[in-house]
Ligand SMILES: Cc1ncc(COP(=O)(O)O)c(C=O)c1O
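The chain below stands alone and is given in structure tokens; this is the form predicted alone.
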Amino acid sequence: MIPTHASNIEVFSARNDLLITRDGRQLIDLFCGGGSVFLGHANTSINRCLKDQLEKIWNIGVLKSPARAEACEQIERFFPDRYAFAGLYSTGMEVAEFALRVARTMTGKKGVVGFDRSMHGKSMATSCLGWENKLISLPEFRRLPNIPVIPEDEVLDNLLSALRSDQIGAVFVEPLLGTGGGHTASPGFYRQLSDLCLEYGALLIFDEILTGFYRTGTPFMFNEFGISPDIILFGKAMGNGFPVSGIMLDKKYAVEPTMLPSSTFAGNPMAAVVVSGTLQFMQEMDMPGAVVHIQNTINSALESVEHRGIKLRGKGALWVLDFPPAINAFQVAGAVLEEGVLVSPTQNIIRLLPPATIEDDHLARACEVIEEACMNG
């Protein structure tokens, strides 16, 4: 989605953390294709993988290929042995839809629970899990109140009531609300939630499409909480801007034909080589160190905005500025853009999604511009 304040900008080319417009203007990119370009635009190592594959094969449907096998091997290195890779898909929405089919097949239950202000996609089903949509009514889907509107114990109480009263086969969780204000709950909350799912036979689906692959500092947030979700969704950073997503299943669940796995573009060799190249680049970098450095820089540079009632929340290279009603986030984003920095406003928040490869002076300059716009907004 194009940030509306930047809809008139035409980007001609890009390199690492910079966008170059047709008229030659350079913008420091803290939008990064909705957080997907995590290792910088036009990354030469990843580009090389894609160029090599261009002369071989693009799409072979469900047939096997060395590219897909290599991507599978690379992905599985990031997960405990209890998980098995279950496929590459094109978008987060598509992989979330597949997770729904897995859960219904394995549990025999059609009910699904999501939490308010989460983002799992914009299909009819996935959008019902995160926000109210008057065009859609799916009675088997329940969206429960979430933090910070109610405290953690009330969220868990509501979930318990749903699990007791309905045939719930799946519970979707986004561990850090990337479009919902940057909120995250305590590790104890996620452990209790996981225990409830286990007790009542609902599969816990952890959506790390935005947070995965070091975006918040560690490879995945579920590791920090000491839990083992039944299903883990991931994508975005894994393709460095190429459309690709993936899913891991606990090995006790096998993919069956009734789950309708795969699709026309799922697992194609082009996506697979980009995944392998991206993950190989990550392993050659000090990703935790780079992300912690970004975190420290943003925290230090923007802590002063809280004096204006603006809340700074986030972790690693995923940050949210949550504005009070008196300050318009889109106006602030417009002022920031005038000074050469692209950010992502939505509702009354601004998301900051810098690449892990951002130049120190560019990040410092971007923070300076954002701080000034916030204080004057």
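Each residue number is its position in the shown sequence, starting from 1. The structure presented is a predicted model; accordingly, all values stated were derived computationally and were not measured.
A second form of this protein, the form predicted in complex with the ligand, is not displayed here; the remarks below concern that form.
Residue contact check for residue 236: one or more of its heavy atoms lie within 4.5 Å of the ligand in the predicted complex.
In the predicted complex, the ligand stays beyond 4.5 Å of every heavy atom belonging to residue 87. Contact check for residue 169: every heavy atom lies farther than 4.5 Å from the ligand in the predicted complex.
Contact annotation: residue 215 falls outside 4.5 Å of the ligand in the predicted complex, judged by heavy atom distances. 93 is the sole member of 232, 93, 274, 75 with a non-hydrogen atom within 4.5 Å of the ligand in the predicted complex. This chain is drawn without the ligand; in the predicted complex, the residue among 241, 121, 219, 111 with a heavy atom within 4.5 Å of it is 121. Of the candidate stretches 201-209, 140-148, 263-271, 76-84, only 201-209 contains residues with a heavy atom within 4.5 Å of the ligand in the predicted complex.
In the predicted complex, not one residue of 321-348 has a heavy atom within 4.5 Å of the ligand.
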